[in-house]
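Form predicted alone, single chain, as structure tokens, below.
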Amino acid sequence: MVRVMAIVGAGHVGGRAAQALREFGWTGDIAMFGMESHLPYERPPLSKQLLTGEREASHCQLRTRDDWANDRIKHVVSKVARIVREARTVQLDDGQSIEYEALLLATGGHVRRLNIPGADLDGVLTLRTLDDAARIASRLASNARVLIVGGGFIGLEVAASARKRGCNVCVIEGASRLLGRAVPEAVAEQVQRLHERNGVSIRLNVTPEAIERLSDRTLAISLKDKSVIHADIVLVGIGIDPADELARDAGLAVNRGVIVNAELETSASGIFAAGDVAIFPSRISGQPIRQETWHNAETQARVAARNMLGAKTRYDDTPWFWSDQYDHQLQVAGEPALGVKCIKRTLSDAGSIDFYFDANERLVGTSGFGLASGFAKEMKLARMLVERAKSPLAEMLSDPSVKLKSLL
């Protein structure tokens, strides 16, 4: 019997992996299984251009329908109910059984929801899919009152998009600062000031307790500090949980994500995982990490595809992500949390970049924030220093007259 290359998850990772399988020479069948009717698409525009109306859903697709058809890649809208490792099959919820040559888990994550009274009311929304973005965009009328629960990247990007649409925006965050541990505290403070300058109200150390629909159809959100906020819509942006239940049921090693080795192979031979759901060893620290980023999806998809075909390629890309908010951009590369020393480089008119060194004076990460127009080029060079494991002297990094390019 002819076996297929099976990909569970037809999102960014699944789509890029299917493309790569063809590129790397697989001539047999390829099937992507996903629950959305949409063809594979990128997620970054969901919280930005799709909400502001600057892009349409079709612009987010990785490829056209004809492209997938020409490469004989099947997009199957169906839930995979079970993996039978001994038989090398996946079973669909309609009872159909598909034999696989190799299997990639690109299942992503489930959006977290509030567990409070009223969390299921109309107007309490989350953002994970194209359909979610369409629902939110339709409600961002001028002067609409938008409450965003969660001061992470999704929440803040939606806040910036909503302000661009003329909405009144309030962000509440249960922690003492924005962006959790994703960025250094100094960067989080800069981001907060940017949002406040743009008219966003930000309240820290507060969490919602209940949501009620009032007689005028607006929402009243009661907070644990006993205050109440009135809004027309509530956007819940409190992260995702890795969709590892299929792997867990199949007996694979999981720990809030699917554990893979440096080749992105799971604890079962022939089964790989990539993207938001995968926990993989960092090339910098060697410790297990999980990354919910566009870069991770792009790069892991190709490595997984190679290894599904029998290669033994290690995934050794440096973690990297960015976030566009208003006319500013935030970037983080490497693992700044490993740093014990921080060196700041102030850019004349476009922000600043921080470099992080570990106890052995090794450059392990960089983060920066500034005007996107003048900041991106410098940040690209900073990222390259981390990727190439360069560790220039601190005084050279802090001196803006020393070109970063010269340190490569």
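Just count from 1 along the sequence shown to find any residue number. All of these numbers come straight from a predicted model, not from anything done at the bench.
Just so you know, the form predicted together with a small molecule exists too; it's not on screen, but the next bit is about it.
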Notebook entry, point to check: Hey, in the predicted complex, does residue 8 get a heavy atom within 4.5 angstroms of the small molecule?
Noted result: yes
Next item on the list: Please check if residue 258 has a heavy atom lying within 4.5 Å of any heavy atom of the small molecule in the predicted complex.
Entry: no
Checklist line | Partner proximity in the predicted complex: residue 370 to the small molecule, non-hydrogen atom cutoff 4.5 Å | finding: no
Note to self: Please tell me whether any heavy atom belonging to residue 69 falls inside 4.5 Å of a heavy atom of the small molecule, as the geometry stands in the predicted complex.
What the structure shows: no
Check: Taking the small molecule in the predicted complex as the reference, which of 376, 347, 340, 35 has a non-hydrogen atom within 4.5 Å?
Finding: 35
Margin query: So the small molecule isn't shown here. In the predicted complex, which residue out of 328, 88, 128, 165 has a non-hydrogen atom within 4.5 Å of it?
Written below: 128
Note to self: Taking a heavy atom within 4.5 Å as contact, would all three of 138, 161 and 189 count as contacting the small molecule in the predicted complex?
What the structure shows: no
Check: With the partner removed from view, which of 139 to 147, 228 to 236, 288 to 296, 248 to 256 is the stretch that lies within 4.5 Å of the small molecule in the predicted complex, judged by heavy atom distances?
Finding: 288 to 296
